[in-house]
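Given as structure tokens, the chain that follows is alone and in the form predicted alone.
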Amino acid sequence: MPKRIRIDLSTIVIENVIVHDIPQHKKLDYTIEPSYSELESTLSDGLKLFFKDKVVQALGSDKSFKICFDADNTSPAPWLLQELLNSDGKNFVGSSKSLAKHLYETQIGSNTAGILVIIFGKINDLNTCIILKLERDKGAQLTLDPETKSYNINEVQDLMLTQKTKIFKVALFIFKDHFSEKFDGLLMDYQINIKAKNEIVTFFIDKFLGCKAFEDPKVATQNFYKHTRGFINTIDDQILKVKYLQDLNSYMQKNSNMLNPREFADDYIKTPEEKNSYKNYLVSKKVKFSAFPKDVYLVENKFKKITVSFENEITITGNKGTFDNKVKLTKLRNGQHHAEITSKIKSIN
């Protein structure tokens, strides 16, 4: 078996850089066109280090995530990027202009004007392509050199250092077979609050890059928790629903590095019929019914408490995701529920 090559961001070497200016425009209004550089930028060692540091800082964050090309997506970006990776950066200028044109056509009025920086280089001595999309403040302009018809990368650095623009999207792509990986790249989007989103889908990832979030542990854990809660919410029996929710919260907090929907079903769900319904529900949501590594980063604040609200405006909240031995719920004949709490009173507010 060939040795697996690790993606080490510290080994990034920047070889080629080009800058394109993407204007803001309304949907289907193409009267204002992008300004393309016709030549690569000249890079000093200091500039190479500056942009490498920005890329490593972004993609080394725990908020970055893996992405893969979506075979069902019609974006031309995947084949343009693969062409660059496979050709050692040949036709770098032409391919970069095609990517910039596609970004321009993809954006609509809600997307701000920006600067697109495309980098070709090496990571672990293997080809990589990096895309930076920078949000530009109003009034912050780049100057097109009339002789070279290109933008000077020094001006981009100056804007970034004076905070007139900021990186808000960084994507790195590799040829995955060279790394024995199942994903095509890494992405950091400073505009995405990945803890707050149910799904990681944006125009930049989907429409422009033609990608989708790779099922890495953060995303897989989020999907397992979200869709298991979705199944629990389909249950009519309110007391059973509370039980399964506290079971799920307890399961998420187990001292284990793995999650397994089959294990959860076997340990907590009562009847074979419910277990089968649970399995079918997860499968319908494209959640695999087998073990995977656990990473609770996206959901860690969602299973620390359980709250039961009653129609009479009384609410019971329990910490650590369990009511065991603390709250007894009973269904009454009239359809109401009886809640019994046995404990000392800690405080009254």
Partner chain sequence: MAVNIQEIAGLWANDEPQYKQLGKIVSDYIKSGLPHYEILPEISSRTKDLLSIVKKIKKKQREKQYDYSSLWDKLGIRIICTFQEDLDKVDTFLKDNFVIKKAELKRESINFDRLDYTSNHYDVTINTELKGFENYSKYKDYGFEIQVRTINQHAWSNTAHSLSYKQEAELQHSLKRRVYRLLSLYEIADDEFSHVNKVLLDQPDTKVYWLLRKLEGKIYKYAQMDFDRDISLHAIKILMSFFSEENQKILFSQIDTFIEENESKIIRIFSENRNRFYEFPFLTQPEIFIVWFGLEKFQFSIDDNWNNEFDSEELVQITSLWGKIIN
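Just so it is clear, the structure is predicted and the values come from calculations on it, not from any experiment. Positions refer to the first chain, counted from 1. If you superpose the two forms and keep the largest set of C-alpha atoms that fall within 1.5 Å, you have the rigid core.
The following text describes the form predicted in complex with the partner chain, which does not appear among the structures shown.
Residues of just one listed stretch (149 to 157, 234 to 242, 81 to 89, 266 to 274) have heavy atoms within 4.5 Å of the partner chain in the model of the complex: 266 to 274. Residue contact check for S35: none of its heavy atoms lie within 4.5 Å of the partner chain in the model of the complex.
The closest heavy atom approach of L39 to the partner chain in the model of the complex falls outside 4.5 Å.
In the model of the complex, none of the heavy atoms of E300 sits within 4.5 Å of a heavy atom of the partner chain. Contact annotation: Q57 falls within 4.5 Å of the partner chain in the model of the complex, judged by heavy atom distances. Checked against the partner chain in the model of the complex, the candidates K182, H178, K226, R262 yield a single residue with a heavy atom inside 4.5 Å, and that residue is R262.
Shown here without the partner chain, the chain has P272, E273, K275, N276, K279, N280, K288, F289, S290 in 272 to 296 lying with a heavy atom within 4.5 Å of that partner in the model of the complex. Superposition on the rigid core between this form and the one not shown places the CA atom of F175 less than 2 Å from its counterpart. With the core held fixed, L85 shows a CA shift below 2 Å between this form and the one not shown. With the core held fixed between this form and the one not shown, N280 has its Cα displaced by at least 2 Å.
A shift of at least 3 angstroms pushes the Cα atoms of V19 and T165 further from each other in the model of the complex than in the displayed structure. Distance between the C-alpha atoms of S284 and A213: longer in the model of the complex than here (change of 3 Å or more).
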